[in-house]
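Shown below, as structure tokens, is a lone chain in the form predicted on its own; questions about how it binds or moves come after it.
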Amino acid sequence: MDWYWLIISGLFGGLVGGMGMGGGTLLIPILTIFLGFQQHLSQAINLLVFIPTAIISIIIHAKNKLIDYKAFFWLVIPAVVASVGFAFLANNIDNSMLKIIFAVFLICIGIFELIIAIKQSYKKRNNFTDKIGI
């Protein structure tokens, strides 16, 4: 495999991740569909890429005093435990089943985002018609 495709995939995933959509939602399909990686390896790479991003985000948010430390620890500890547990579970699931689970996850996220967009559009439209008296 040519190394430049890996660099392009990483940059594209990072670019999309920087725009607010999780980079893994594109990085994992790029690695599996276009570059031929196994689902397990793609998800592991995504998790490794996430670690420095999360650390930098925490540092920036801490400097800007945007972290509620009481809530932070109540969220981080269960999240880490769940992540480790589900990583072990994913390791024991067949590659094809893991692909199906990830596909269903992406579809659910897409539906959720679509519903939010429709609600926001409806809300904006109602606010506009209320302001102009329709």
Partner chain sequence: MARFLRGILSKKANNIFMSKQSLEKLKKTSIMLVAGVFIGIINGFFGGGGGMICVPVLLMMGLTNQKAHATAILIMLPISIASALVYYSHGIVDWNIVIWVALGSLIGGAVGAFILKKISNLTLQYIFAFVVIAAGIRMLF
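Positions refer to the first chain, counted from 1. In this text the structure is predicted, and so the values were computed from the model without any measurement. Rigid core: the largest C-alpha set superposing within 1.5 Å between the two forms.
Another form exists, predicted together with its partner chain; not displayed. Remarks below refer to it.
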Proximity of G36 to its partner chain in the predicted bound form, heavy atoms at 4.5 Å:
no
4.5 Å heavy atom contact, K63 to its partner chain in the predicted bound form:
no
Which residues, if any, of 32-61 lie within 4.5 Å of its partner chain in the predicted bound form when only heavy atoms count?
T32, I33, F37, Q39, H40, L41, Q43, A44, I45, N46, L47, L48, V49, F50, I51, P52, T53, A54, I55, I56, S57, I58, H61
After the core is overlaid between the shown form and the other one, has the C-alpha of G85 moved by 2 angstroms or more?
no
With both forms fitted on the core, check whether the Cα of T53 differs by 2 Å or more between the shown form and the other one.
yes
